[in-house]
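One chain comes next, on its own, written as structure tokens: the form predicted alone.
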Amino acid sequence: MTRNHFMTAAVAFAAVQLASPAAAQTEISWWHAMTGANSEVVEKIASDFNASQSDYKVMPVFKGTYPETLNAGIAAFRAGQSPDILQVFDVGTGVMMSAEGAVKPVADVLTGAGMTFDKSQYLPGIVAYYSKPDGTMLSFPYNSSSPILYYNKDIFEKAGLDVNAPPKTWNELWDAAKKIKETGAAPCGYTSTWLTWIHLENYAAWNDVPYATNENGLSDGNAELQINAPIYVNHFQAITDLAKDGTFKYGGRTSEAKQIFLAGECGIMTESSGGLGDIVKSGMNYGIGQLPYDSDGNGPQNTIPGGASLWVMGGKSDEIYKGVAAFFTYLSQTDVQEYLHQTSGYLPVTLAAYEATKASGFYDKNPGRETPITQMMGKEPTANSKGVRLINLPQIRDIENEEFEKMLAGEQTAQQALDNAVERGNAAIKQAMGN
């Protein structure tokens, strides 16, 4: 054999040797909806897990916004091509729970793979939201969040507002927003992402008022909306009035308003705690406050988790499920949860990670970063504040958003918008329940 032939054979043999372990790896597909700084966190967590062992390879794939990712997952399941792990936002929980055979409960995945599963190690409010009434955990709470208030300290200073005293009530926020606009400190005083999640679902929980009958659908999905009560009408009329001269600026149905805030157009924003990564990355001189409460309500009570959880799709091989179980066990490790929480602003899903973060002095060095956790864990949930679970909540949100957009365009009052949302929403719930 010539030297060249020998080298070629050696290279080919080495290539086979290198390829063998990779070929033996089981690939786990993970469809997600994370963008910006949070997408970088997804990629790092998957990469670190892949480097930590050689049996499995988690492959994250971005599939669009939360609603787009849910729709893509449903379509893929119907076509027999579902991913192994699907990230589904909180309001898709009812949809996934009703999809018999489409999913495999995460508790079964973990115990079936011989992993120890103790749900007492997870934050109680989060576990309860993603569990069946009998306590079986259905999905893994990857990125849970709570809505909080962010404010631009430089704009506050220009407006003559106290940079160390963010508004605590909605009336205080309306006044601060007006002052920002009137003084010319910024073109707009206030904006908000996710009007449905923050100003309806969490507004109800935080102020301890009903969103719908039957414990907001948790005790019986055949529920009726109650979001046209006077407290909601007054709240949305205040937003509508502020929108007339641009004191409030509407960004869109999901997280689009964050870009308005990052651009310095508005001085105050209510948004998910999970939006923190992009705000930190922007270099803004920002502050954090708790979600404002309504002085006419019964709060502050407790907020309910937003963000998303990871659902394991049904019909996969035992080897896939073993790989998913190994990945979720890795995700539950204290150091991984500390990284996820401290980098993204999402809540740590384990009590150990929360305690470790607190013990490290992180919250002392980063004022406001504990706020989303204390909001959710501060009080025992009531019938009004356990969460919202309707079989078709994504559809209900679409209806609510349509009515809000007409309201903000000056085509109807807040009372008309909420009355219409209740009438249309209740009809949609009955239809989805087969009534």
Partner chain sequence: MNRATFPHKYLPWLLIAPQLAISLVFFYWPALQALRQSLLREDAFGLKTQFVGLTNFARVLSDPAYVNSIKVTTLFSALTAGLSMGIALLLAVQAEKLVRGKGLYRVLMIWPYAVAPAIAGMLWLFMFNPSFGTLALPLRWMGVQWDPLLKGNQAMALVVAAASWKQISYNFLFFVAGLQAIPRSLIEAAAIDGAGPARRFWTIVFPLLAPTTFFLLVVNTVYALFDTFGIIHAVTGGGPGKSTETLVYKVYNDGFVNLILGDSAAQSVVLMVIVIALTAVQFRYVERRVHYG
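Everything numeric in this text was worked out from a predicted model, so none of it was measured. Residue numbers count along the first chain shown, from 1.
This protein has a second form, the form predicted in complex with the partner chain, left out of what is shown; the following refers to that one.
Engineer: Does Val42 make contact with the partner chain in the predicted complex, using a 4.5 Å heavy atom cut-off?
Structural biologist: Heavy-atom contact with the partner chain at 4.5 Å: absent for Val42.
Engineer: Look up in the predicted complex whether Leu408 has a non-hydrogen atom within 4.5 angstroms of the partner chain, and give yes or no.
Structural biologist: Residue-level check for Leu408: yes, a contact with the partner chain.
Engineer: With the partner left out of view, is Lys132 within 4.5 angstroms of the partner chain in the predicted complex by any non-hydrogen atom?
Structural biologist: Flag for Lys132 set to no.
Engineer: Give a yes or no for Lys365: in the predicted complex, does one of its heavy atoms lie within 4.5 Å of a heavy atom belonging to the partner chain?
Structural biologist: No, no contact at 4.5 Å.
Engineer: Could you tell me if all three of Lys249, Glu265 and Arg424 have a heavy atom no more than 4.5 Å from the partner chain in the predicted complex?
Structural biologist: Heavy-atom distance to the partner chain in the predicted complex: all three under 4.5 Å.
Engineer: Heavy atom within 4.5 Å of the partner chain in the predicted complex: which of Glu100, Glu182, Asp335, Asp118 fits that? Just give me the one.
Structural biologist: The option sitting close enough to the partner is Glu100.
Engineer: Could you spot which one of Ala186, Leu138, Met96, Ile198 gets a heavy atom to within 4.5 Å of the partner chain in the predicted complex?
Structural biologist: None of the others qualify; the residue that does is Met96.
Engineer: Would you point out which of 368 to 376, 52 to 60, 395 to 403, 25 to 33 contains residues with a non-hydrogen atom within 4.5 Å of the partner chain in the predicted complex?
Structural biologist: One stretch meets the cut-off, namely 395 to 403.
Engineer: Within 327 to 354, which residues have a heavy atom closer than or equal to 4.5 Å from the partner chain in the predicted complex?
Structural biologist: Result: empty, none.
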